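In structure tokens, the next block holds one chain alone, the form predicted alone.
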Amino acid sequence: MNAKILTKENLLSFVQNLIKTGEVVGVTKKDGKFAFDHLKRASDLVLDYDVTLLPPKKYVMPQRETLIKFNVKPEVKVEAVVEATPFTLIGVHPYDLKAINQLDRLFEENHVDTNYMKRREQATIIAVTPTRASKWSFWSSMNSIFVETGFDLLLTDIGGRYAVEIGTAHGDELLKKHAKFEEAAPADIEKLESIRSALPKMCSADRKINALTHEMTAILEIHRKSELWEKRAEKCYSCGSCNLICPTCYCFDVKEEIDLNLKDGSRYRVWDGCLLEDFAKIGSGENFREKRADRFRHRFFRKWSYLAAKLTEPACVGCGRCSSVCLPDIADPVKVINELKEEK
């Protein structure tokens, strides 16, 4: 393993140098919670967090994004818009990076999504190995403990210092240009491997899905008509919070608006979610999933069956955010999958 070593002081200097040269987004602490935000000072960066409120997905797939600008007077003119500028994203946990890797594959297949891919190409990602897990996390059940691709640099706290693994030539160049580092000694590598081997135990023992990844799709298919869907959906608010907080959800709605001058306008897209009541409504007024139970079931089939067939793995990384924001406590995948498996 080829790794470099940064002291915590040198890491802060490295981050401050990045801030001086461009846009940097990192994890910050807000009212006892953690959130990705634009960094003005390296000292604001927090790397020993459990989970952020929103996933870093929002920086490669914004909540609102302009696609086209147009004029209708004095003549019709249409201009495609790609809002993509270079930025650095620091502090991404492996499960969130795995989610971004999945989005890369989904937006790249068939008809390439230019807006997403351009923004993704502009992103420099500095990932970090978790030092703790939230009480809702179950990433150890979802093969999301570690990722081998998607990052430019990967930081691991080895006690007073950080081991830095290089993922791309760009990451190597950044490190050489902006950081003071030393080569990792055998003892450093041993410490790094010891920390990594302990990661599976970081998630709470009761936050475990009692099924192998390849079994989950079969479990859903067997229980497609289970009473569980109706029972849980009785409490569903159809608020869509579990959609909007999810790092792998990528559904969007496209809208157009005309300015007050009645000459200029734009087409834009915004996040959408399959738990929202109008998600499956079409122009004629028909709604293909009008019932809450149908929408609730669809979300699980979408994550654990339909997308799993495309990705060869569930579109869930075990971050636990959906469980943490669901007021009636019905969205927790750990409880749903385990309950289905126990059904006869």
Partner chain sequence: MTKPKVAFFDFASCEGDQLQIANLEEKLLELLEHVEVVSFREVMKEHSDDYDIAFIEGSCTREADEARLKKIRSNAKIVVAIGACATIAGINALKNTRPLDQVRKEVYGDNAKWYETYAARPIDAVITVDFKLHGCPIRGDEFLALCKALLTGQKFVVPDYPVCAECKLAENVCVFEKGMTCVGPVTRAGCGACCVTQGAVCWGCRGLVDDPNKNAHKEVLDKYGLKAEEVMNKFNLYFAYQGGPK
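Residue numbers count along the first chain shown, from 1. None of these values were measured; they are calculated from a predicted model.
Quick note: we don't show the form predicted together with the partner chain, though the next part is all about it.
Interface residue remark: F87 is not counted as part of the site for the partner chain in the model of the complex, having no heavy atom within 4.5 Å. Taking non-hydrogen atoms only, L53 approaches the partner chain to within 4.5 angstroms in the model of the complex. In the model of the complex, no heavy atom of S194 sits within 4.5 Å of the partner chain. Proximity of I258 to the partner chain in the model of the complex falls within the 4.5 Å heavy atom cutoff.
Residue in contact with the partner chain in the model of the complex (any heavy atom within 4.5 Å), chosen from L199, L228, C239, L155: C239. Only one of the listed residues (E234, E173, E83, E183) places a non-hydrogen atom within 4.5 angstroms of the partner chain in the model of the complex, and that residue is E234. Contact with the partner chain in the model of the complex, judged as any non-hydrogen atom within 4.5 angstroms, is confined among 158-166, 260-268, 201-209, 139-147 to 260-268. Scanning 264-286 for heavy atoms within 4.5 Å of the partner chain in the model of the complex gives W271, L276, E277, D278 in sequence order.
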